[in-house]
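In structure tokens, the next block holds one chain alone, the form predicted on its own.
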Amino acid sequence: MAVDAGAQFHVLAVDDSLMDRKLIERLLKTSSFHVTTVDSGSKALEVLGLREDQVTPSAVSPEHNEIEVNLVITDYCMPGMTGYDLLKKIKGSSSLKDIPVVVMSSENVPSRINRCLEGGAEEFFLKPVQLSDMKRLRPHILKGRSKDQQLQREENSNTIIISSSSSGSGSGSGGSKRKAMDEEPSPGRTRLRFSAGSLTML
């Protein structure tokens, strides 16, 4: 069951080193993940449907927009856009901010690690990445998915409540509350009632 669920997850791996990309791709595939690899943060944003100067995905690349990315794992040190810059772009996007991001680096720099974690990264892996590290990715993806499902359930629930309260006249306590609200005059209606004569009102 867990393996089947993992096979549905798609990970976007970002690293400017070809050797490191091949390694992470092999480890991810061994762990039953679908993998897309790119060599820069800007290309990662393209896969996500986001340009460097945008905060919401666009329809520039339809073939990329069809890809649902469940997690992004990125190297920290890259020319141009660093892994931290990519992290901030994703977390600053209203549509992508819930995608878990994991940062990797061959340098164990505490300030760098704290910076990424405080910026919204789920994990910070030290290279070389191990197969055991891949097992730590799935809980973050599942947590993100359960959060999305919960939000969707809440939205559906709110829609049902709104539609039921607005359709017809309610019965029971709900109907009584609505009737009481309808009968209670607003300040504007009260002024009209006192300023107009009874014949006019009738």
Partner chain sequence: MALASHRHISSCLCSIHSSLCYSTRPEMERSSLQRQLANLKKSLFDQGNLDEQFDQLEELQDDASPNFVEEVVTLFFRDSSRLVANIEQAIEKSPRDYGSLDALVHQLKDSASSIGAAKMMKECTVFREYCDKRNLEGCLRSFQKVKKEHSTLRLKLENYFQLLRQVGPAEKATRSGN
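Positions refer to the first chain, counted from 1. For clarity, every value in this text was computed on a predicted model and none was experimentally measured.
The next section is about a form of this same protein that is not shown, the form predicted in complex with its partner chain.
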Given that its partner chain is left out here, which of 80, 92, 120, 128 has a heavy atom within 4.5 Å of it in the predicted complex? 128
With the partner left out of view, is residue 35 within 4.5 angstroms of its partner chain in the predicted complex by any non-hydrogen atom? no
Residue 26, heavy atom within 4.5 angstroms of its partner chain in the predicted complex: yes
If we define contact as a non-hydrogen atom of the residue within 4.5 angstroms of the partner, is residue 114 a contact of its partner chain in the predicted complex? no
Check residue 107 for me: does it contact its partner chain in the predicted complex (non-hydrogen atoms, 4.5 angstroms)? yes
Using a 4.5 Å heavy atom cutoff, which residues in 10-25 contact its partner chain in the predicted complex? It's fine if the answer is none. 17, 18, 19, 20, 22, 23
